[in-house]
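The form predicted alone is given below as one chain in C-alpha cells.
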Amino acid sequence: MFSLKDKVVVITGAASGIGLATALRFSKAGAKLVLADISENNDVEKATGGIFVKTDVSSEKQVQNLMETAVSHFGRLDVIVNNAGIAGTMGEIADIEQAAFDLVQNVNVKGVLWGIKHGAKHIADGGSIINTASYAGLSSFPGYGSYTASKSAVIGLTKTAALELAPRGIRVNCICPGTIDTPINVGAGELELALTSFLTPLGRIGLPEEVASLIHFLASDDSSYMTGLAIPIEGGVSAGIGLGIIGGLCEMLEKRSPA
C-alpha cells in the first residue's frame, strides 16, 4: 500500500520541516527524488539518494529548470510536491507594507503557480500534484493577513488546476496544516505555541512526519479518485471547540461568579 516505487518526485522546500520529512518518507517508499530548496542541505541528499537542485521558487525560470532537470536526469516525472513557503512578517492589515506583502506572495503563491505550470508540461498522465497551503487559508487569524492571502490563493490555484488537468488523469490536491513543529514556526514564540496547543482539540502542535504521511497518501495511486481538495490536518481545530478550552472557560467563569 502507498507504494511510490520508481516514481520520480520533485519536492520543493525539501531542506527542512515538512519537505524534509516528506523526502525521507518518500525515499523509504521507493521514490526517486529531486530535492529543491533555496538553502542547501547535503544531509537530505545523502539520506535519500536524491539529487539536489538549488531553487528559488519565486523565479519562474528556476522552477522551469527544476522540472526540466528532473526529466533529463530520470527520464520522467510522476509526482510534484509544491511545498516551499515562508511565514513572512505578521501584522494587522493596516500595517502591511507592500514589499513584505509581495515577498510572501512571490514565494507562497508564485512558487505553486510555477510548479504547476512547468510541472504539468512534464508530469505523466495519471500523476499527482500536491500543494502545501495552510489551515490559515481556510480560517484566518488576526495579524496573518499576508500569509492568509497567500495560502487562500494556493487553495484556489489547486482547485483550478485540478479541473484543467483532470482530462489527463492528473490529480491536484492541497494540504492545509495547522501549526506544525517546523522552522517556519520558530519565530512564533513559546507563548503562541503553547496557546495553539491549548486551542487544538488534540492538545498539541503537529509533527512534520504526520503531515508527510498525508502527502504520501496523496502522492500514491491509492488516492486515485481524489482531486481538487483542500485537506485540513490540524489536530481537530476545524471540528469545533475542544474540551480543553471548554474546561478552561468553565474554570474562569466559576472564579468570576459571585459567591
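Each residue number is its position in the shown sequence, starting from 1. None of the values given here were measured: they were computed from a predicted structure.
Form predicted together with a small molecule: not shown, discussed below.
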{"query": "Answer range among 128 to 136, 93 to 101, 70 to 78, 159 to 167 for contact with the small molecule, defined in the model of the complex as heavy atoms within 4.5 Å", "finding": "128 to 136"}
{"query": "The small molecule contact at Ser39 in the model of the complex, heavy atom, 4.5 Å", "finding": "yes"}
{"query": "In the model of the complex, Tyr147 touching the small molecule (heavy atom, 4.5 Å)", "finding": "yes"}
{"query": "Contact of Gly235 with the small molecule in the model of the complex (heavy atom, 4.5 Å)", "finding": "no"}
{"query": "Proximity of Val172 to the small molecule in the model of the complex, heavy atoms at 4.5 Å", "finding": "no"}
{"query": "Contact check for Ala84, Val107 and Gly178 against the small molecule in the model of the complex, heavy atom at 4.5 Å", "finding": "yes"}
